[in-house]
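Let's start with one chain on its own, the form predicted on its own, as structure tokens.
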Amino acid sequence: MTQVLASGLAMGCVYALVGLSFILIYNATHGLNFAHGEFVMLAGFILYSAVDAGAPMWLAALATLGCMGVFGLVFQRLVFYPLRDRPFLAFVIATIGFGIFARNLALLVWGPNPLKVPSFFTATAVSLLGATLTPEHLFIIATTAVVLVTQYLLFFHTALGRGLRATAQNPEMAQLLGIRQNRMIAITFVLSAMLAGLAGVLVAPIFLIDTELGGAVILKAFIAIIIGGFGSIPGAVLGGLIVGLLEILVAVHVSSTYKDAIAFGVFILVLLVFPRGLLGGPVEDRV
């Protein structure tokens, strides 16, 4: 059971990271970026290319995060910025179109065959509390914990974090106070892309990398943020852990065939009982 729970928590952490990156964009722009799954996929492919070129895993991972940060800035300038004054649906459609473009671009560059990234660790198992666990799962859990603490410190104990939160809560007032709104939104896109890229780096050694990797991850992450409460950062973390644990428990004790169906069933049940999610705010704020 310890092994099962560790595996579920690890996947839940991945969903939480992607959900956090999704929520950051939503809170800053009130736009839904459905290309986040492709961010995860591209990070996996970039990591593979860096390792294939001979870079050590740690250096390849850092290079991937740097590339994703630049990619987030380019995405903000080319996709969001021209549509910032357009209706809400315009940005949503643009992100869906970009997702299709990114998948086809990855298909041309890396081909249709799934690729495998080596593990960060030489050991295949770690003994902890009498259970044999994979080091990748422990690494994912520990990394996510560090990211959450770092994000909290950034947003609540730095001037940059206060500027980001002010822009998300009241853009007009933030501008009156001298906060450069466009700069804060650009930084948000960079942070969001790096979080999605980190999720891609963490899952790459566990799964085979192909053009469909991002679709599966963003779907579960989206379910997670709805369960936790749309727009709530703690809710995204809680929802991610719930989905990850539910997924692995169903796969082990029922059948892996039904894990997605049961996850959707829980998603619908939560919406019926908690229309705003477990930690969500008022409905009118989300709408």
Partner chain sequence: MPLLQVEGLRAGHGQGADVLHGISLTVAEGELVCLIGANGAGKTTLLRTIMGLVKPRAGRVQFAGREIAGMATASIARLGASLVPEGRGVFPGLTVLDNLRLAATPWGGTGVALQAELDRVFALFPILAERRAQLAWSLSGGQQQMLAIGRALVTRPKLLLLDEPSLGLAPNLVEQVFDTLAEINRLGVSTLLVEQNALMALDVSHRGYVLELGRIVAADTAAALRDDARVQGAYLGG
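Numbering follows the first chain given and starts at 1. Since this is a predicted model, take the numbers as computed values, not measurements.
A second form of this protein, the form predicted in complex with the partner chain, is not displayed here; the remarks below concern that form.
Sole residue of Leu177, Ala142, Leu208, Val74 within 4.5 Å of the partner chain in the predicted bound form, by heavy atom: The residue from Leu177, Ala142, Leu208, Val74 that makes the contact is Leu177.
Under a 4.5 angstroms heavy atom criterion, identify the one residue in Leu138, Leu115, Val147, Ala166 near the partner chain in the predicted bound form. Among Leu138, Leu115, Val147, Ala166, a heavy atom within 4.5 Å of the partner chain in the predicted bound form occurs only for Ala166.
I'd like to know if Met173 sits close to the partner chain in the predicted bound form, meaning any non-hydrogen atom pair within 4.5 angstroms. So Met173 counts as contacting the partner chain.
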